[in-house]
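Next up: a single chain in structure tokens, the form predicted alone.
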């Protein structure tokens, strides 16, 4: 049973709305820089949908009824879940933060919320608060915790009117939209007051109502109140939204789904690139939630190159893993995390704590920068001579990042011509370290 609107409202913290000229606080500015330094995070999509092995959108099938789907909770018992093992695998991969789904579009909460009994503590025999265990382990191991939160719900009657998904026949839409907004405020208050430090709230689902009149209006979604609520409860907590638009006031990072900033191969990232810190979320295989028939995992080399390509576009990579219903991470994912971690032991300084390089992506690869140092990431293993269109700064040294062997470099008025040393081994990324006399500026976004 859902708690009443009155009870939900009693959980809310009185706040004032911010204006359209939102200016981040000093705490947010510092958090933004730390976020950019992190460079690499792991995304976790996990819920009762994993039991069906058909991904996190399975309830969107009009032949699956919410009242029947909810019964999955009574059998959800991830007996092999171990927060320490998860966080250790993520940390060893070189990732600096973890973002986990607290509530996805199916409406099931993976934490012990008081705003609804449809949660992992009250509705399952497992009766353990997954988010709390993950939060405590992240704190122990020094991994920053980010929380995914769905603005869309395929079952609640107060998510009304419904948008372009969740069209179950005879779906109950008798509820009131304001009650739904109050419900979200109540859950966000819980997440930000009972689970320790939260690095970011990662919204998703606003796009669901893009076909309704005013469906994307920030006032309809009460974004001013929610964003101000988040910033008041945790002044260093960043706000990001996967709404596939340019950021609204109050948002502190910009998210791109399945594409690096400036690209739009997946069709979800045509928006302009903002000056905010950037993040690209991508899957290891083709799925977010566990899909038993999806074994099309990208190779470790492809994932390393994707991480590098994202860093070269001045963005973080948030790489997804979909755990099995028993609480384990798939072995294919663990293998790739371990391989990435081995690579990161050597090359992390070239993709973390850096910013995007002074030139845009090239056919041969990308660049990153820190201070007076530029890292040239050659992702094309067949390239033996590369041209870096950067000039106006005196080059002091050109060396391989590993081994520091000198690299032949000719500096011209148009840029730098690098002749790469011969290598017998195929590598996902050959890195050349260039040292200049002056500080290196970034490319314009």
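Positions refer to the first chain, counted from 1. Predicted, not measured: the structure shown is a model, and the values here were computed from it.
What comes next is about the form predicted in complex with a small molecule, which is not displayed.
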In the predicted bound form, does each residue in the set 37, 313 and 377 place a non-hydrogen atom within 4.5 angstroms of the small molecule?
-> no
Contact label in the predicted bound form: residue 145 to the small molecule, heavy atom within 4.5 Å = no
So in the predicted bound form, does residue 72 come within 4.5 Å of the small molecule, heavy atom to heavy atom?
-> no
Applying a 4.5 Å heavy atom distance criterion, does residue 162 contact the small molecule in the predicted bound form?
-> no
Would residue 185 count as a contact of the small molecule in the predicted bound form, using a 4.5 angstroms cut-off between non-hydrogen atoms?
-> no
Proximity to the small molecule in the predicted bound form (heavy atom, within 4.5 Å), stretch among 37-45, 64-72, 24-32, 394-402 | 37-45
Residue within 4.5 Å of the small molecule in the predicted bound form by heavy atom, from 369, 336, 104, 260, is 104
Single option in 227, 202, 111, 86 placed near the small molecule in the predicted bound form, where near means a heavy atom within 4.5 Å | 202
